[in-house]
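Starting off, we have a lone chain in the form predicted alone, written out as structure tokens.
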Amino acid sequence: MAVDYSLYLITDRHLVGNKDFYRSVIKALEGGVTLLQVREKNVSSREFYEISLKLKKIARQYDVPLIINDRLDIALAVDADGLHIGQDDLPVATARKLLGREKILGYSVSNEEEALYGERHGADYLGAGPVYATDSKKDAGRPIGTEGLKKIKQTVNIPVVGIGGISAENLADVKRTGADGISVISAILSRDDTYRAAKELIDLWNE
């Protein structure tokens, strides 16, 4: 599957505020989101499954791949396009084996050593960061900066997506690292108009 990593949206229902969650995601997809990840904390497995099923249906309409965060069981249950795992989740090689070769496997990294490990054990792409300080992920660790992102990108031969505190204001600096895309949560979902937020980011990225 050819994947466009340019604008990778990660969900967080708490950040949409009073807006309708699914409508906000639909508008973001219309605005130019190229990849969608379901990341919902503090929900039951049943609820995670149901949210994922709904979002898969929505993502299909826009021909955008759907990735599930952390939960291999949910990814398999809804037949998602892929899975994204972090440092504390299943080992990459195990996740790859269970997920199968045809699905997308993403891995969160914050340095070159983790990046090489991910590439070697079967990750299709890396989510590298946090590039900047972020409120969306409390356990994100110290920012690696654009320099750290650039080093990771130069270390591996698979796509690298910058994540953490990325916005319209600093997007150009992130793009200069050679990264294959940006991953955002609040830069789209916490904005009043998620269509305009996504469109602004993808337009800046494509400039």
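When you see a residue number, it is the position in the sequence shown, counting from 1. Computed from a prediction, not measured in an experiment: that's the story for all the values here.
Unshown form predicted in complex with another copy of the chain; subsequent notes refer to it.
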property: Segment assignment from 65 to 73, 154 to 162, 141 to 149, 22 to 30: heavy atom within 4.5 Å of another copy of the chain in the predicted bound form; result: 65 to 73
property: Residue 112: touches another copy of the chain in the predicted bound form, heavy atom cutoff 4.5 angstroms; result: no
property: Residue contact check: residue 45 to another copy of the chain in the predicted bound form, 4.5 Å heavy atom; result: yes
property: 4.5 Å heavy atom contact, residue 88 and another copy of the chain in the predicted bound form; result: yes
property: Residue contact check: residue 116 to another copy of the chain in the predicted bound form, 4.5 Å heavy atom; result: no
property: Three-residue site 49, 77 and 98 fully in contact with another copy of the chain in the predicted bound form at 4.5 Å by heavy atom; result: yes
property: Neighbours of another copy of the chain in the predicted bound form among 154 to 191 [non-hydrogen atom within 4.5 angstroms]; result: none
